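In structure tokens, one chain follows: the form predicted on its own.
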Amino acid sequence: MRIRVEDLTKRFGSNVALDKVTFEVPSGSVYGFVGPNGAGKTTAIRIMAGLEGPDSGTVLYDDLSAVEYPEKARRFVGFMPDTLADSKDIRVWEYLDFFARACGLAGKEKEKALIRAGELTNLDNLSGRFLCELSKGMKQQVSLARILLHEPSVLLLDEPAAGLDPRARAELRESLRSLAADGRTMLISSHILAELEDLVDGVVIIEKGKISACGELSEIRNRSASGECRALLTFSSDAASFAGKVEALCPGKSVKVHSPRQLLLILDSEEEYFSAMAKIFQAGLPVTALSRPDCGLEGVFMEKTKGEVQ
């Protein structure tokens, strides 16, 4: 099932959270939804899930508008928020049973759905546990099982790996790979770019409520890879105040403020990189860290965003 977002606009008072956001996720594809904090990712996903209405624009699943018919859209969309409520009074199986019944499932159909969701998310040993006893990773697995009960064609996941330890992230990643292999269309919001890169077919990059890049990851990589060499410089204080000095040391090269304490320097070659770094350190600029974002998803993200928040 294809996802098409067209001119989605949402305001909160004077703040424009989404500014005519337009992108598409092809049927059966897995796309990452990335951007700095406050970029508008969660607002967009909540509208796509039918939990909020936009000021204008629409979300189409194939030809069905989720804005005009949110209840119909929810039948084939599964939305996973970044948190699961605690409860001292409900066990995992009771929680999932409640949502299965809320989806209209009953009898053998409900039992099959519960077994299927449990197998896909490795919940065999957790069904009798209280939600309040679970770790963050276990709660994310329960949350994922919940949205699979009605066998949705589209999955919208908002920061599913946030706060998970490495083992929990690995387990969640394997569950998502299994779901992707089933041909579901997935949009995954995340800040863990290295893990997204191994999972996604494409990416949507958003900043300050506007789309800065969208498409298949291979195409975006090819557009970005031009033999350039990038250096991410972290300073002990306001990076913008050092941009002019870096430009003077590296004339004609692109210098971008990437975050309050970081500058992104784009050079033409490896030789220029080593020469530029020597000049910068010899000049005594207060650089506290240096990294080399590659031409993968991290490099594309660095190039397409400035680290600005609304």
Partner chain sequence: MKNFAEILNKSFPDGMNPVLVKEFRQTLNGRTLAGSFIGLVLISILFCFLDLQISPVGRGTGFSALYCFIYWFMLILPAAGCFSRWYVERGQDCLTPEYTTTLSPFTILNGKLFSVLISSLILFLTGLPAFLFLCGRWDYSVLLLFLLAFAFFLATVMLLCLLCLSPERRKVSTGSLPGLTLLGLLFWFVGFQFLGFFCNPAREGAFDMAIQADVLLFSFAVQCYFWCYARLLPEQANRMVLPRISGLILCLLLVALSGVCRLDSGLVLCCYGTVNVLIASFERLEQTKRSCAELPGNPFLRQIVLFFSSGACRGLFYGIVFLAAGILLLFFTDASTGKWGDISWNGRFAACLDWYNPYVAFCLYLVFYAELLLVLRRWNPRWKPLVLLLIICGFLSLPSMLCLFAGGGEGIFFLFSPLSIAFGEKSLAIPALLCAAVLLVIVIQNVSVAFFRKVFAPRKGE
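The structure presented is a predicted model; accordingly, all values stated were derived computationally and were not measured. Numbering follows the first chain given and starts at 1.
What follows is about the form predicted together with its partner chain, which we do not show.
This chain lacks the partner; the member of D268, E247, D62, E52 within 4.5 angstroms of its partner chain in the predicted complex by a non-hydrogen atom is E52. When its partner chain is considered in the predicted complex, only one residue from E151, D238, E119, D86 comes within 4.5 Å through any heavy atom, namely D86. Not displayed here, its partner chain is approached by V67 to within 4.5 Å at the level of heavy atoms in the predicted complex.
Using a 4.5 Å cutoff between non-hydrogen atoms, P81 counts as a contact of its partner chain in the predicted complex. R169 falls outside the set of residues with a heavy atom inside 4.5 Å of its partner chain in the predicted complex. Contact check for R75: a heavy atom falls within 4.5 Å of its partner chain in the predicted complex. Across the options 100-108, 160-168, 207-215, 184-192, residues that bring heavy atoms within 4.5 Å of its partner chain in the predicted complex belong to 100-108.
Residue R146 is the sole member of 140-163 found to place a heavy atom within 4.5 Å of its partner chain in the predicted complex.
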